[in-house]
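Below, in structure tokens: the form predicted alone, a single chain.
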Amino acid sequence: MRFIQVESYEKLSRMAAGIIAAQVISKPDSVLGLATGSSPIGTYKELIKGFENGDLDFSEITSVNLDEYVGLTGENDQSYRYFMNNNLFYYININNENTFVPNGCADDLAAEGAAYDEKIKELGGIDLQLLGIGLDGHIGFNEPADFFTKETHVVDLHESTIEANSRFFASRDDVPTKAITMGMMSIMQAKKVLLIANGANKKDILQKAFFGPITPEVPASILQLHPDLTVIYSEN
């Protein structure tokens, strides 16, 4: 594990984008695992700059996103498909048909999860997985639990997660209470994992996740077992 602390969110974003850019350049047909939330926005802006400058070509890249809210269509401005389109995909030359996000409106969510895992397997797995971390240690929407769940699955969101995400919605009551999320197997089988965290409020959970015991009560702690993990953190 490489744990890197930097002095600003801007530097975090540049460093994370640099790692992703290196992956894209070294393997132009990479499979990138992507994340949503506030943490990766700066990273995506840096990747867009790289494309606009002519340094990056995403035409052969495939992406698989970690998760999606149950019940939100891709046209909903709070869905993660909408987020990815408007924070990255629309501004680079990635083929939309090669961007995958779990379908939170599928009639059979269990079948959707199994199909998502199969798609990742068909792609040959994830070359580089980008992650954030929740204040309770969740990655994707893998919440604290009694065991690690391997497969893509539906999860009931914890109150702390709903509260944290309520800032993106008109009211707390509008926040979905369920999500479909990639499980630990696909995340841990990624060839490289890059986790970014910003803010002094993440310091305690990073300490627990990466310098404490491995436990499903702190889902991110399983990443201690990954052979190629980079964590970048900024308090500011």
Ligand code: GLP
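Residue positions are given as counts along the sequence shown, with the first one as 1. No experiment lies behind these values; they were computed from the predicted model shown.
There is also a form predicted in complex with the named molecule; it is not shown, and the following applies to it.
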The named molecule in the predicted bound form has a heavy atom of only one listed residue within 4.5 Å, and of 208, 192, 202, 178 that residue is 202
Taking 4.5 Å between heavy atoms as the contact cutoff, choose which of 74, 144, 132, 125 touches the named molecule in the predicted bound form. 132
The named molecule isn't shown here, but in the predicted bound form, which of 87-95, 108-116, 133-141, 147-155 has heavy atoms within 4.5 Å of it? 133-141
May I ask you to check whether residue 182 falls inside a 4.5 Å heavy atom distance of the named molecule in the predicted bound form? no
Close approach of residue 167 to the named molecule in the predicted bound form, 4.5 Å, heavy atom: yes
Applying a 4.5 Å heavy atom distance criterion, does residue 63 contact the named molecule in the predicted bound form? no
Can you tell me if residue 186 lies within 4.5 angstroms of the named molecule in the predicted bound form, counting non-hydrogen atoms only? no
Check 37, 67 and 80: does every one of them have a heavy atom within 4.5 Å of the named molecule in the predicted bound form? yes
